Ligand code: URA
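Below you'll find only one chain, the form predicted on its own, shown as structure tokens.
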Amino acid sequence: MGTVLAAGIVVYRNNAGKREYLLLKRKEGWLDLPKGHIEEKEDEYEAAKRETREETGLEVHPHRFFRYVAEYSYEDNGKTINKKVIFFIGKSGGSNAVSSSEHVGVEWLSVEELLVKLTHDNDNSKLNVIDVLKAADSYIEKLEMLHKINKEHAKLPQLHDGWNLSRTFVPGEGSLSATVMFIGQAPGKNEDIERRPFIGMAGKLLDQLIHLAGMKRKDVYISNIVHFFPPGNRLPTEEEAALEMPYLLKEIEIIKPKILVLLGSFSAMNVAGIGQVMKNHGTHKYMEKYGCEVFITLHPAAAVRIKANVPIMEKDFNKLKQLISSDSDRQKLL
């Protein structure tokens, strides 16, 4: 028999300074998370939202970049059922949760409270609720730290006289569990409007290159040295970069990537002190300061402007793919 696919949301709230998770009480006596089968013509996000709404009465929007896959088996009428559940996270908007007919109630618990109350032995669902919540809790911790830093970062224009960049803050974007983090120069005009990094022509090329390296955009993290659009798309000044670097360093510290990919000379110089990108592209070195490998390549905008740079970047990203693979193999041996 094939695997049954399901999706759900780990729903959380902050209550009096404590992070609590919504758990459903089953008639059988064990605790569960909102989840259910993915129906035909329904994607993972839609299924997760629908099942959460049907089982809790809450309208919760899944965070796009957290994805935890739980796989387990159980017996049903003498048959072994293999199940794969894709969990997202979502913050409760404050409405009261209500249980569906298949549950006998709901309970809000912290991870610590759950550890006291629940053991693997009495979890008859075979879903390891503790592992799911631990992964979610760790991710949410990063998410809240980054939110706090971004809130401070966005205030920079108010704190400095003669501010010559846009006042629109464009935050980094992607998975906070990413093993690969990309750092560009600054947002462009499209990014300034949408408040998202790398969504213009350069962004489309970067997406293709990320795919070439065997990854998807949702699995990586993308940021810039400068998070405010320089009018006229000019090069940011050294002073502007110096103002923003402390925030980028905090961003890197939160993500903790295995590989930092520096896009273009501005990024390479400010992060790694490397100025000649055309001589150093496709190379990498371990930097103790960041605790990871630093990989140098061109900025995608340079390949959009000069088509001859496209094959250069493609070759670089094939090298990046090998570096990711070798790092993965090395981790397996540890």
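Small disclaimer: the values here were computed from a predicted structure and weren't measured. So that there is no doubt, residue numbering starts at 1 and follows the sequence shown.
A second form of this protein, the form predicted together with ligand URA, is not displayed here; the remarks below concern that form.
Comment: 177-185 is the region of 177-185, 76-84, 150-158, 208-216 lying near ligand URA in the model of the complex, near meaning a non-hydrogen atom within 4.5 Å. Remark: Glu191 counts among the residues lining ligand URA in the model of the complex, judged by a heavy atom distance of 4.5 Å or less. Of the heavy atoms in Asn224, some are within 4.5 Å of ligand URA in the model of the complex. Shown alone here, Phe88 lies farther than 4.5 Å from ligand URA in the model of the complex, counting heavy atoms only. For the chain shown alone, His299 is a contact residue for ligand URA in the model of the complex, at least one non-hydrogen atom being within 4.5 angstroms.
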